[in-house]
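Taking the form predicted alone, here's one chain by itself in structure tokens.
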């Protein structure tokens, strides 16, 4: 027997289930299609809380009337409970008709509703599923399966921000079910002893000596290891990260105690990540304080890593928690620096001692002038604020060389070590201690020379020289600047020593140059130029940052004359840094 919802007059859940079952049976007999359109109001609870239950009921009655008006004659419209409505569509001919219906429902819901003399706006998340979606599903009541699939589509629409509609997608549904399984598993992971710490060493940029290690969490459930990129967001969403985060901090404290007992003051520090959900927990500082007392760990040897994105919401409250953690003696690092939206004013307010340069800037630092410029700026900023610098994602010797040249303190990445169990890290530090001082890398090198052009060069020849040399130097990791004036060259080359010397030997052997003369060469503490280019000193571009001297040069000096004083020559060519562009 059909029953009605007392509040709206629509079919209630019991009547809906009976009507949906009957519609599916008719569709099976006639070979037609049935679809379910599920409508959930966005933010209804907030409206109910603000205006009261009577006003909320009035809103639901109005929404029910609008949904009923959009259902075709003979189609069932129902209220399933709360702010959830449904339309059972029969004899569906095309998905486009369902999409059009969902669009009309969305527009109808958005029309303002007068409540207590105010115009209230509400939107809806709408999910659509068809009987054909159920045909390949796991055995069960077809009506229940159809409702579940439509609800999954509603959730996808809601996750996308609401105020929209989605068709059921089996792949999305499967992923949602996997997420539910992982979410449940995370709640029991610690109890089942499925979590394990891994440590990725952080090394001195110059020597490669291990100075610290970042604790990285790994999960090994019965079905096999789950990537942190997959389970960490789920733990954040379901709140499991609070308990897991406390466990991780305890593991960091235990590692610090063990390492200090082994190596004393030379022990690596331990770095551990703190999530935004943890920072929102008012009891975080008390929890960490209790763990510090229990383990006896030295808070000065522990580094908490936070990200810029954590500070986008309610920064005042988060700063309060960070200050409480800092008062415990814990040090802090800004992780993935340069990828978020924090202002310099916020950075100055934060109790951080370390900046971690995001790997996205490190990937092509050996080839890209832009990446070198960003890294140099971050390192300069860190220096100005008295912070230590750690570069993440270092995978090549060339990247290490660049970072050493710009004065980065520490490096983390696969070029040195992958994440490893604690016992492997202990073995690595013991081996390092047995070897004594590690050899320093070759380091940056620079060479400044002057030469004469064998013949005058036309503008076309200069353009060809620029393109050819720029490409070759970029491939070799060479930066610097080439000047051409009055049939004379002056060039400075910067890069790895062997690359600089090989490049110079090719220049010396080139038929373009005569009387090549080295002005100065030697190790470089840092790069002066972020990439390589060529300038004509008398051109308008080269005068962009200074006056036009041509009318005032009574006895202009050629490059070979400037080369008599290496300091003057070096100052002359490095003065063109602001003008060097790609």
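Each form is matched to the other, and the largest set of C-alpha atoms that superpose within 1.5 Å is called the rigid core. Numbering follows the first chain given and starts at 1. Since we're looking at a predicted model, the values are computed, not measured.
One more form of this protein exists, namely the form predicted together with a small molecule; it is left out here, but the text below deals with it.
Between 254-262, 461-469, 320-328, 87-95, the stretch whose residues reach within 4.5 angstroms of the small molecule in the predicted complex through a non-hydrogen atom is 461-469.
Contact annotation: residue 449 falls within 4.5 Å of the small molecule in the predicted complex, judged by heavy atom distances. The closest heavy atom approach of residue 180 to the small molecule in the predicted complex falls outside 4.5 Å.
Using a 4.5 Å cutoff between non-hydrogen atoms, residue 512 counts as a contact of the small molecule in the predicted complex.
Contact annotation: residue 119 falls outside 4.5 Å of the small molecule in the predicted complex, judged by heavy atom distances. Proximity to the small molecule in the predicted complex, defined as a heavy atom within 4.5 Å, holds among 108, 507, 195, 291 only for 507. A heavy atom within 4.5 Å of the small molecule in the predicted complex is found for one listed residue only; from 371, 295, 155, 473, this is 473. Superposed on the core, the two forms differ at residue 480: its CA moves 2 Å or more between this form and the one not shown. Taking the rigid core as fixed, one finds a CA shift for residue 358 smaller than 2 Å between this form and the one not shown. Fitting the two forms on the rigid core leaves the C-alpha of residue 240 displaced by under 2 angstroms between this form and the one not shown. In the predicted complex, the CA atoms of residue 416 and residue 502 come closer by at least 3 angstroms compared with the shown structure.
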